[in-house]
Every structure is written in structure tokens, then in C-alpha cells.
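To begin, one chain is listed below as C-alpha cells, in the form predicted on its own.
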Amino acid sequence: MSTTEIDRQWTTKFRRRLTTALPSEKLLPDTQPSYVASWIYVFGVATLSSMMVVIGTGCILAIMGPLWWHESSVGHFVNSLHLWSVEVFFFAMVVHLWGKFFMAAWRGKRQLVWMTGVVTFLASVATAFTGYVSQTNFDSQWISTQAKDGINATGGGAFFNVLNTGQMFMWHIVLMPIAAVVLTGLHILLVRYRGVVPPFEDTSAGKVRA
């Protein structure tokens, strides 16, 4: 195959565009601007770190089954780790979301970065909801019975039946985590591509990729 033919391939074009937009030193930078030392920038990393714990403990619970944590002290401990990592995840995410809102994080052509973050938050709320109705206890029964009328009123109950524990469990361990992880990965890539949003008073904002 000639060089010209190789250059025409979509894989070649895609690779070149990708490496041009996200070179290795930008995808995994060695340093960050000085303003990243502010505490408001920590909550994005805290959200990502707690999400990793959520996924790890969730994998253990999925392997052992939905009833394991009811009858095992180790299972109860793992389930508690899963619960509290979710609590930390949402606390850090909400602070991160509001912090970026008041910083107008969509500045400098970062609208898509902001939008993916908001959609990720909504996907995470749906993921948490399916988790609460998959607990296989009275709490999940009460939550599901209270939620079904509202969902049925929208017409969504035809394919999203909160009283079907098996369906909710599969949404929780497969579909919603895939959506949350993909959106989070896209969000991080866009942050790397556009750069970390600077504070308003930072005079070097023009030096950050716009």
C-alpha cells in the first residue's frame, strides 16, 4: 500500500487529528497553572476518586449478588463503603458543579465541557436512583412504590418499571454505569483539550487555550 493510500484511510486521518488535538504532554501534563492549587479545583478530582471507589465496591457487590450484603458482615461492610463513597461522590460533584457555575466555566469555548459535566450529573442521579430501588429491602420497596406514580405519569413506566427489581438492578450495574463512565471520560478529555478554566481575576487567561 502506497503512502498516498495510507494517508486517505479514515484511521490515519483520525489518528492525526487526535494526536494534534491531544498530544501526550497535554493529555497527561506534568504541571498545571498555579491557580489550580486553589481548593475549588480539588473537588473535581475528589469526584473522580470517589467514583473509582463506587465502581470498585459495586463490582464486588455485583459479583457476590444482590442478597450477599444482607447475610454477610463482609458484604455489609462493602455495601457501606459503596453507600458512603456515593455520598462523597455526590457531595464533591455538587460542590464542583456550583463552583464551576460561579466561575462561568463555559468561558473560552468550554461550553461543551460544561454541558458534558451537567449531563454526567444527571446520569449519576439516575444511576443512584436505580441503586436505591435495587437494595432488596423495605427501603427500596418504599422508594419504588412512591416513585412509580410520577414515572408512570410521564409515560416512562412502559419501559422503566421501578417495581421490577431485576430490571432496575440491570439498569444500575450495566446501562447507567456505562453512561456515567463514558460521559466522565469525555468530560475529562474535553478538560484536557480546552484546559482548566482560569479564575476571573487571572491575567494569564489569554494564554490558556481558547
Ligand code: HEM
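Please read these numbers as outputs of a predicted model, since none were measured by experiment. In case it trips you up, residue 1 is the first one in the sequence shown, and so on.
There is another form of this protein, the form predicted together with protoporphyrin IX containing FE, and it is not shown here; the text below is about that form.
For the candidate spot formed by 110, 118 and 184, every residue has a non-hydrogen atom within 4.5 angstroms of protoporphyrin IX containing FE in the predicted bound form. For the candidate set 123, 78, 86, 105, a heavy atom within 4.5 Å of protoporphyrin IX containing FE in the predicted bound form is found for exactly one residue, namely 105. Although the partner is absent from this view, residue 22 stays clear of protoporphyrin IX containing FE in the predicted bound form, with no non-hydrogen atom inside 4.5 angstroms. Protoporphyrin IX containing FE in the predicted bound form comes within 4.5 Å of a heavy atom belonging to residue 191. With a 4.5 Å cutoff on heavy atoms, residue 177 does not count as touching protoporphyrin IX containing FE in the predicted bound form; it lies far away.
Looking at residue 44, you'd find a heavy atom of it within 4.5 angstroms of protoporphyrin IX containing FE in the predicted bound form.
Proximity to protoporphyrin IX containing FE in the predicted bound form, taken as heavy atoms within 4.5 Å, picks out 44-52 from the listed stretches 44-52, 155-163, 23-31, 63-71.
Residues 89, 93, 96, 97, 100 are the ones in 83-102 with at least one heavy atom within 4.5 Å of protoporphyrin IX containing FE in the predicted bound form, listed in sequence order.
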